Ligand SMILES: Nc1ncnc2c1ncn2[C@@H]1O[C@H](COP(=O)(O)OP(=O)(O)OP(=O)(O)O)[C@@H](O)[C@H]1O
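To begin, one chain is listed below as structure tokens, in the form predicted on its own.
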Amino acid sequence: MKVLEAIGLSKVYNPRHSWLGRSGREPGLTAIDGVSLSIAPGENAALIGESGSGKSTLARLLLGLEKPTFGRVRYRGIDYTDLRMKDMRGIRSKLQMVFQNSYAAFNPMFTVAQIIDEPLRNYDCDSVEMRTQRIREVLEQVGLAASTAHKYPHELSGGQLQRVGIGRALALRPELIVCDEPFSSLDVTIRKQMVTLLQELKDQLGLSYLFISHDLSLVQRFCDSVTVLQRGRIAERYSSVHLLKHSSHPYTRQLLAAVPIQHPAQRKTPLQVQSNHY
């Protein structure tokens, strides 16, 4: 059974009505248009596309943070599209997210311990002593010293902040973690460490990931499958990232051509894509 499944998802923002009435109805902004995808247990799935292609909007729809205009979303066969916030608590604890900007995602007045403890308190998980033990376990899992628990976000480096973000996502023992551009602000060395950490956590905890990115160099090393999103629609989907090399879609080829190549001798002339393909 699939961990997560989306069927025909669409999201239209701000549908407008002209002063002429219903007959003059104008369409709003369609951010997601008929997207269907699924993630299997233990799968590293990637969602790629340029900025503004709808990746983050789709993530919010999948996690139930926004309601789709059309379509359905299921967790292990359970349809939670129309569930109210309080009725989604059991499902939401299994679907967590690591945000792009960890500093902005944290309360700057909270210590690391309070940041990780917040979802535990929100879900009434165990006693204070057991929650404290869980915080220690999470810090160890993400490679942070126990003393980090007493620090504030401004006292941490970018890599440490992102580890705290991963730790907060792990606190409720989820089955799927959505990673929304989690390493875009980190340098290459720290980025590699974060990817290694996520892979180790997957092996230890049996996690599934939806990895949202426009960095194909990372996706090719980390993910099992790739969905290419263009202007809110799926342009292509691959069961293996190796098939990206054989892509015939001009949009995917342009994304591939944008991946930086370190050795000058291996660089090619930038791929030109005609505007009529968009």
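The first residue of the sequence shown is number 1, and the count goes up from there. Not measured: the values here are computed from a predicted model.
Note that the form predicted in complex with the ligand isn't included here; everything after this is about it.
In the predicted complex, none of the heavy atoms of Thr227 sits within 4.5 Å of a heavy atom of the ligand. The closest heavy atom approach of Ala31 to the ligand in the predicted complex falls within 4.5 Å. Taking the partner from elsewhere, Thr69 is found to have every heavy atom lying beyond 4.5 Å of the ligand in the predicted complex. Heavy atoms of Pro250 never reach within 4.5 Å of the ligand in the predicted complex, leaving it off the interface. Contacts between stretch 51 to 82 and the ligand, counted in the predicted complex as any heavy atom lying within 4.5 Å, involve Ser51, Gly52, Ser53, Gly54, Lys55, Ser56, Thr57, Arg60, listed in sequence order.
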